[in-house]
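Heads up, the chain below is alone and in the form predicted alone; it's given as structure tokens.
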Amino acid sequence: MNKIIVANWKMNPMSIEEAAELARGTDMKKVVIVPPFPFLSRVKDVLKHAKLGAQDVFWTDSGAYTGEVSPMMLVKLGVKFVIVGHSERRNYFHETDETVNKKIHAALTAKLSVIFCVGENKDVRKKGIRHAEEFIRHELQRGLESVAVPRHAKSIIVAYEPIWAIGTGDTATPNDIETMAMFIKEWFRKTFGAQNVPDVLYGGSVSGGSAHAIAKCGGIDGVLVGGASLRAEEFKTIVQNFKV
């Protein structure tokens, strides 16, 4: 699925009516809309063109896990994609490479497509690009440990989130973005073969103003959009920049 735009609404909006209205306003082909769990069913009813995604998933199908949502629950709601390892989950909820790996295994077993997030923080980035690449390589290896990537290649998407460039005042340049996207694709090519290279998305404070430059970056197949996905007209601008 080349050129994919993912709308991660995070913990927004505040009502089911607002969620339905926003879904109608951003319901386009090549788009995956990812609302909070309480709005999944309503948003699914609204969508005619976009696919439905979830913001997280647990690693077993049922059990005594208060507050968690299983892969099969998502499947039964019509979810097609799930975000795993988002930087906010790693930061605020202390998700590790090990838990990310368990979630990826469970999601793929349930035939969900995984949007696997990786990205380095400011301390790592300050040490230079080679340190940043080594950090990303480690996240990829640990997150995909024992995953049969060739069997699931079409169901794995990687989202590169440079944590150092999100809400910090620093900006990832097109060269920064392209360099890491190409590194990720080359790692898959060397590790799993040329036929198993995933789409790579960029997720770093994407806006209507930055989308054109990001779309021109080599190795980038789309974007993971946060705040701008809550503004229908701006989100449409982002999607237009990735139309081919």
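Note that the structure is a prediction, hence the values are computed from the model and not measured. A residue's number is simply how far along the shown sequence it sits, counting from 1.
There is another form of the same protein, the form predicted in complex with 1,3-dihydroxyacetonephosphate; it is not shown, and what comes next is about it.
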Report summary line: Exactly one of 106, 165, 124, 149 comes within 4.5 Å of 1,3-dihydroxyacetonephosphate in the model of the complex through a heavy atom, and that residue is 165
Query raised in the report: Is there a non-hydrogen atom of residue 204 within 4.5 angstroms of a non-hydrogen atom of 1,3-dihydroxyacetonephosphate in the model of the complex?
Result: yes
Query - residue 10: touches 1,3-dihydroxyacetonephosphate in the model of the complex, heavy atom cutoff 4.5 angstroms - result: yes
Query raised in the report: So, in the model of the complex, is residue 220 in contact with 1,3-dihydroxyacetonephosphate at a 4.5 angstroms heavy atom limit?
Result: no
Query raised in the report: For residue 224, is any heavy atom within 4.5 Å of 1,3-dihydroxyacetonephosphate in the model of the complex, or not?
Result: yes
**Report entry** Location of 1,3-dihydroxyacetonephosphate contact in the model of the complex, chosen stretch of 81-89, 68-76, 98-106, 138-146 [non-hydrogen atom, 4.5 Å]
**Finding:** 81-89
